[in-house]
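Next up: a single chain in structure tokens, the form predicted alone.
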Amino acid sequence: MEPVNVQADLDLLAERFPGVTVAAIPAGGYEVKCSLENYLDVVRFLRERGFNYGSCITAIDWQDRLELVAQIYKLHPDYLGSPVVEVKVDGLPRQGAVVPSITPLYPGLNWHERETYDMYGIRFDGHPDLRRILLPDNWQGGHPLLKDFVDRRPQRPRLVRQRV
């Protein structure tokens, strides 16, 4: 069995959205780069074309900007697998970034968006329950996966257990 062929869907996507670029990833799969304004429409288009599984949302801190990465697959029971399609939005500000939520399209990405909010500070507009997921609710120390994050919590002495 072969993987699902998504090339026709991606060709149609590039035709429908002129500012979107589609490129093959050397390790396999495809990269779809779009603007923040097109992000929700691009993801909605892929969903309508049968891309039925969202596996991950995360971000990359490039130190001068953030890049959002959403991994989407087109799974079909008659095929072995699907190449990953990574929808990327580059150029997000490091502070105060707001991106439309795709949780209504892919409910399984609910916690991924919450984690990205918690770790990078990206807010997802329209998310049904955008609250912290990994850090305490009263956390004031910033977003730990930003490269300039400094842990300012008081250091505790390291406890070493003695083997008997």
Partner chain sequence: MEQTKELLINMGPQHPSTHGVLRILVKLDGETMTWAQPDIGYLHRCFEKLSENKMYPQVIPYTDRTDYLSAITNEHAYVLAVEKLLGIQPPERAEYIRVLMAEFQRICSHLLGLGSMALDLGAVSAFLYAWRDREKMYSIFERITGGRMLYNYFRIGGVRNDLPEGIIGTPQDGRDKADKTFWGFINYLDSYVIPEWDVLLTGNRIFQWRTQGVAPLSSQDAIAYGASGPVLRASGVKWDLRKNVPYSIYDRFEFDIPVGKENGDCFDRWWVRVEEMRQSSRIVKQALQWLAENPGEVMVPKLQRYPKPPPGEVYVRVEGSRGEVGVHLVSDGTQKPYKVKWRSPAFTHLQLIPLLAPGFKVADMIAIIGSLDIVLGEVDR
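Computed from a predicted structure; not experimentally measured. Positions refer to the first chain, counted from 1.
Below: the form predicted in complex with the partner chain, not depicted.
A.B. asks: Indicate whether Gly91 is a 4.5 Å heavy atom neighbour of the partner chain in the predicted complex.
C.D. replies: Close contact is absent here: in the predicted complex, Gly91 is far from the partner chain, nothing within 4.5 Å, heavy atoms only.
A.B. asks: I'd like to check something about Glu115: if you look in the predicted complex, is any of its heavy atoms closer than or equal to 4.5 Å to a heavy atom of the partner chain?
C.D. replies: Yes, Glu115 lies within 4.5 Å of the partner chain in the predicted complex.
A.B. asks: Ile25 near the partner chain in the predicted complex, any heavy atom under 4.5 Å?
C.D. replies: Output for Ile25 is yes: heavy atoms within 4.5 Å of the partner chain.
A.B. asks: Using heavy atoms and a 4.5 Å limit, would one call Tyr39 a contact residue for the partner chain in the predicted complex?
C.D. replies: Close contact is absent here: in the predicted complex, Tyr39 is far from the partner chain, nothing within 4.5 Å, heavy atoms only.
A.B. asks: Taking only heavy atoms into account, state which residues of 60-96 are within 4.5 Å of the partner chain in the predicted complex, ordered by sequence.
C.D. replies: In sequence order, Ile60, Asp61, Trp62, Gln63, Val69, Gln71, Tyr73, Lys74, Leu75, His76, Pro77, Tyr79, Leu80, Gly81, Ser82, Pro83, Val84, Glu86, Lys88 come within 4.5 Å of the partner.
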